[in-house]
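One chain comes next, on its own, written out as structure tokens in the form predicted on its own.
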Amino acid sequence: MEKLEGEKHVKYILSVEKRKDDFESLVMDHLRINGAYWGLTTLDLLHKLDCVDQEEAISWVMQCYHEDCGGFGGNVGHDPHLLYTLSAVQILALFDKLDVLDVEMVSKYVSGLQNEDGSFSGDMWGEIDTRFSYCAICCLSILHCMDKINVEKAVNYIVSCKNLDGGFGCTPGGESHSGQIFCCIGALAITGSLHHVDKDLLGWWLCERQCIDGGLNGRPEKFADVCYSWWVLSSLIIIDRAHWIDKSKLINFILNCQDKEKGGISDRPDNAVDVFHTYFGVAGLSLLEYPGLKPIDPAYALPVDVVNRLFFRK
């Protein structure tokens, strides 16, 4: 079995932020705050968050804040969106700096995006997707503001996106997809609503995502991709069906996607690395209890010690 090149992955992540003009940096410009969340969480899982200048990171995150509405943009000067607001809140939670937030304004922004049917729009333009239901519920839970939304309606909307195969889509009738399933299962777990899930039926659909090379895919007839090491496995763990896949084969698949010279993890072996797949590869290995990594919470997508601090601090 290959070994995890932890030190090289740390150097790769730190180098991404310094390179402002290369292709990876330019294509991520609109979602840089997501990239910061992926990179910083990876560093924390590798016990290396102290390699980052905390004050500088927090200062930049707060430059993405829109004090007129309470939401965060994907980069400085970009429009606010639920996807970016959750990443900002997660980053501040990593650093234990949620106190820099105007929690009332942020929770007002998030709750204001709930629609009459319980769904959530991503921003003022109105696109609806179960990803946004997860973002809203996870964000408000971290901020201890779940009372700001109609949780029952939010849960009912998510349940309405459940399909006959046990999976979930982005809207009612949408195709089951591993990424959407994580969003729906994560949101149901946070709200204490997993009784709505047929765990055996969903577990079967999810374990069928393991390919012959050991990796996991997002839906039938697709190639394996490292990012589904998170989307599929976290859902299986939440519904207690992770023992239905071959974990050692999945570990091998993730480790074979590393750039062993320069660091970083790609979607599949021998492809170009990026910070997105580096995070989901390391997070997947954390879920698989790979030695030396911090454990990660499968619903909140944050290290377990961070989640414990959020909810059990004395």
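Just so it is clear, the structure is predicted and the values come from calculations on it, not from any experiment. The first residue of the shown sequence is 1; numbering continues from there.
Form predicted in complex with ligand GRG: not shown, discussed below.
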- None of V16, A301, V306, L293 but one has a heavy atom within 4.5 Å of ligand GRG in the model of the complex; the exception is A301
- Name the single residue among F72, W231, F120, F168 that comes within 4.5 Å of ligand GRG in the model of the complex, judging by heavy atoms. W231
- Message: Partner absent here, but in the model of the complex, which of 186-194, 72-80, 153-161, 85-93 has residues with a heavy atom within 4.5 Å of ligand GRG?
- Response: 85-93
- Should K108 be classed as touching ligand GRG in the model of the complex when contacts are defined as heavy atoms within 4.5 Å? no
- Message: Just checking whether G179 would be counted as a contact of ligand GRG in the model of the complex - the rule being heavy atoms within 4.5 angstroms.
- Response: yes
- Query: How about K148: is it within 4.5 Å of ligand GRG in the model of the complex, going by heavy atoms?
  - Reply: no
- Taking the shortest heavy atom distance, is L202 within 4.5 Å of ligand GRG in the model of the complex? no
- Message: Please tell me whether the candidate spot formed by C135, R219 and C227 is one where all three residues come within 4.5 Å of ligand GRG in the model of the complex (heavy atoms).
- Response: yes
